[in-house]
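What follows is a pair of forms of the same protein chain, given separately as structure tokens and numbered structure 1 and structure 2.
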Structure 1
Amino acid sequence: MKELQSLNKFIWKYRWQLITGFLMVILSNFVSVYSITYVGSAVNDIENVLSRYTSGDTGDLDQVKKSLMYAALLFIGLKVVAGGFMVGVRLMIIATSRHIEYDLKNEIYKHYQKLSLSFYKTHKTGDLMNRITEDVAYVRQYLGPGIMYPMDLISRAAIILVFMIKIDPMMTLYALGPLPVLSFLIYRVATIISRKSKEVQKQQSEISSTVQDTFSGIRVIKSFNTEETTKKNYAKEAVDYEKKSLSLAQTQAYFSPLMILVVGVSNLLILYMGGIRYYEGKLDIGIIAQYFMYLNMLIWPFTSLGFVTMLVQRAEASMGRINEFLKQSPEIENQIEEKTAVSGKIEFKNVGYTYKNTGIEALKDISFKLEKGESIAIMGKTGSGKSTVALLLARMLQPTKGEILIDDIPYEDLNLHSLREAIGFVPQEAFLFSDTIKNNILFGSISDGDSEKAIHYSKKAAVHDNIAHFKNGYETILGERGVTLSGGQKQRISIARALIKEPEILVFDDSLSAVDTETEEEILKNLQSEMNQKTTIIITHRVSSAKNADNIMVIDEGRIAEYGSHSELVAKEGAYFNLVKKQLSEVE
């Protein structure tokens, strides 16, 4: 249960609810056990009546009937009281497990938000989803039934043991003697369950990842006509899960027969030894009846040990998988709690970056400076490191060499949220949420629900006319990742979403690649007034997008190959000039 120790903070948070539940368990069990004494008295009264009838002495039958009725009513009444306490137990403990589930899911989700991009590049989305859903569900079961049933067993066994020893220590020894054997068997089987539970949980994540990849890439699957291959791959994972789950179920199936066997042996010993002691006159028959009821009261708590062991082992395996992520620290953390103002001056000083997962050195000694309101276009071949500049600026990545200054301050000394709030970032791959077009544009804007503002910036991004022709206009619901739109429409909505923030810094990461040149010119013309007021970085392959920038930086294999204005670089007749000639010839 080592991994489950990380839940102690939640248990401490709800300690009073759990303590109240535990007290109710004790009271419920005490009342239930105490009620059995009336059963013993009733059985003894019946024996006395039978003895009198046998000897011909009818005695006062009415008095005997009253005694039996009194014992029956007390027994039923005490059982009702015990049931009421048990309802309180469930309200305290099971409800608390739901509160802890809520807190744990929020903690995991919050931690996911903090983790760096490199984490998401090495972990599958399906696996992340499985840990916050399936794994948390198994942990909750441990916190509910997994705590309640052991409490019930311990308190009930302790109370029954006191009553039994008080009545007859020798009979108690015979009745409970087989139970240590049961404990040993449970321990051995639980070890196997722990190992198999981890295997099942791991395979469950594999299935979730496979399904998530399939549904996300359904268009590619259909276009390549690989539905059958995809189904075979899924079936292979499902068969593996089935085998591991069946193996776990078979192991768990041993518990109930073990319980029944051990409890059955205990019942036989009570019957045998009780009969002998009754025959010798050392024991009343009512006491034997009480022992049978005491032992039967222990059947479910001890039987539940198998169920509880399964819950604990599954929860331990699940919490281990959750802790694996919770223990990972984000590469980039906010060190400054106070909000910091950002005006937009940018400077890269000998910045280098190497991707940890691949070892590729994306940038080498990159240096440039932008005053507030200036613009720079970054050009280069695919894989030259252009997008890495944008990710470093937004602190999605941390430089492995050199430093980045914002307003002459190392950007590690700025509030991380203030920095990102000051940047309007249009990524290379436009991502839209499964929501309305209006909400996608307003995403991240402080003026939620401002339709006029959404329309204003949609016009600047040259996408308003497209949206207006949709049946539901700005209230059109987009499919997952904006699948119902064209690539160009998604890019332009992403541009509107960045502009509506009214940031101090604009970053366009090849965000006009999917639009035609005519639309591109319209967008750039509309954005000119925005770009004159904000510091702008344009990452592009097109000379048409770059030529109006104050400066152009050409990157080749992570290094700056050329730097200057459009006219300066054309006059040099270098790499940029060759791009201009090539694209002019393509247009002709």
Structure 2
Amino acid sequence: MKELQSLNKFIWKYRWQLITGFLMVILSNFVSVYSITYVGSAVNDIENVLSRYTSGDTGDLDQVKKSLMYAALLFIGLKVVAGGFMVGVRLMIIATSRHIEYDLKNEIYKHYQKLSLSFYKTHKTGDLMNRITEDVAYVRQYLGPGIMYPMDLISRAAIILVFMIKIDPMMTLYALGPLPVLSFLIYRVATIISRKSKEVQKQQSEISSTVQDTFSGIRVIKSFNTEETTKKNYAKEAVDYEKKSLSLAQTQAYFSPLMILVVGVSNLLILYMGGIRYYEGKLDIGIIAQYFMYLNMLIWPFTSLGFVTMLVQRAEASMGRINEFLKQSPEIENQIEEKTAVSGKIEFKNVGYTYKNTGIEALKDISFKLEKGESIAIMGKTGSGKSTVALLLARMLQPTKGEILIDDIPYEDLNLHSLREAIGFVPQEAFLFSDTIKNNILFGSISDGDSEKAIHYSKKAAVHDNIAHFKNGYETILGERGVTLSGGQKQRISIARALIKEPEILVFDDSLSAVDTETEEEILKNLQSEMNQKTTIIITHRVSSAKNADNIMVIDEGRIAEYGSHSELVAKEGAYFNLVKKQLSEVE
């Protein structure tokens, strides 16, 4: 249970609830076991009545009737009291497991948010979701039933054992002998069931991802006319699922007969031993009844022992998976407590970056300088490293070589949140949330709810007319729950989202690629006034977007190939000049 030890801090936090719960389990079990004594005396009373009838002495029966009634009422009353305690137990222990589940989910969620981009590049979203939902649920089952049942078993078995041994030690041995066998068998079967259910679950998620893949790619499937192949793939997965489910059902089918068998043997032994002792006059008949009831009270806790073992094993595995992520320390962490002002001067000094997971050296020896308010355009073939420059600047990645200075300070010495606040980043893949357009634009801006500003910056990003065209305007809901936008509309909304932050530094990563040249020109013109006071980085494939920047940097395979203003680079007649020639002839 190495992994589960990391839960100790939560268990300690809720120790009083758990201790109260344990005391209540003891009380409930004591009262419940004690109440059985009255069943014994009731059976003795009945025997008394019967024997009087057979002997013909039916004289004064009122006394016996009274005693019978008294025993029955006490039995029921005590059972109600025991039930009341049991409710308390559940309120304490099961509720605690819910509290810990809540705490644990919050801890994981908070940690997820801290982890760096590189973590998210190497882990699937589905995996992340599973660990915070399913794995936490398994851990919770350990904390709830996994703690409650053993408490119940231990206290109940101890109390019953005392009662049983006090009555008849030898018969106790016979009655309880088969129970450990029961526990062991159930444990074995439960382990097999758990293994098989895992296989079924795994196959279920295979089917889900096949279906998801199929229907998110349905356009491609239809246009390539591959419905038959897709159907066959699905059928294969489905048959596999059926086989695994049937195998699980077969194992489950053994479960209750097995239990009934072992319990039956125990009952038989009580009847046999009890019968012999009764005939020998060593035992009241009521005791036999009591023993049956004691045994019945022990069956469930013993059964649960196998179940609990399975729960604990499963929780241990789940907690291991959770801990694996919790132990990952974020690659990039804020080291500076107080906020730092950022004015917008940028310097890259011999910066290199290698992607760890692929070993691709995306950038080599990149150096450039931008004064506050200056602009630079970064051009280069696809895969040359342009986006990597942008991600490094926003400190989503950490340079593996060289250093980046902001306002002449190594940017590790700035408050990370201040740095990111100072950057208006329009990523290459425009991502919008399933929310209204207005909330998407205001996202991350300090002045939330400010519609005027949203309109102002939408106009600058040349998307206001499009938005005004929608029936619900800025309240239009996007994404799965609403309208799907065109690529160009998405890009412009993310531009508005970056502008509204009024940041010191603007980064556009190929943000106008899906916009026609006319709109591009309009946006660039609108941005000109913004850009004068802001340090701007424009990553682009188009000369039209780049030519007005103070400097243009052409990257080739991670190295700076050319650097200079538009006229300088044209005069040089190099790679940039070739681009100019080609793109201008295209326009013509």
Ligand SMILES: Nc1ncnc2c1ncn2[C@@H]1O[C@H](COP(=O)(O)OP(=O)(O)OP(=O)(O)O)[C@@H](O)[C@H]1O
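Please note that residue numbering is based on structure 1, beginning with 1 at the start of its sequence. C-alpha atoms forming the largest set that superposes within 1.5 Å between two forms make up the rigid core. Since we're looking at a predicted model, the values are computed, not measured.
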Practice item. Please match the form predicted on its own to structure 1 or structure 2. Key: 1
Practice item. Compare the position of the CA of K459 between the two structures after a rigid core fit and state whether the shift reaches 2 Å. Key: no
Check your understanding: Any CA movement of 2 Å or more for K243 between the two structures, core superposed?
Key -> yes
Check your understanding: Superposing on the rigid core, do we see a C-alpha displacement of 2 Å or more at D135 between the two structures?
Key -> yes
Study note, to complete from the structure: Core-superposed C-alpha displacement of R219 between the two structures, in angstrom, equals 4.8
Practice item. Align on the rigid core first, then pass along the CA displacement of K9 between the two structures in angstrom. Key: 2.8
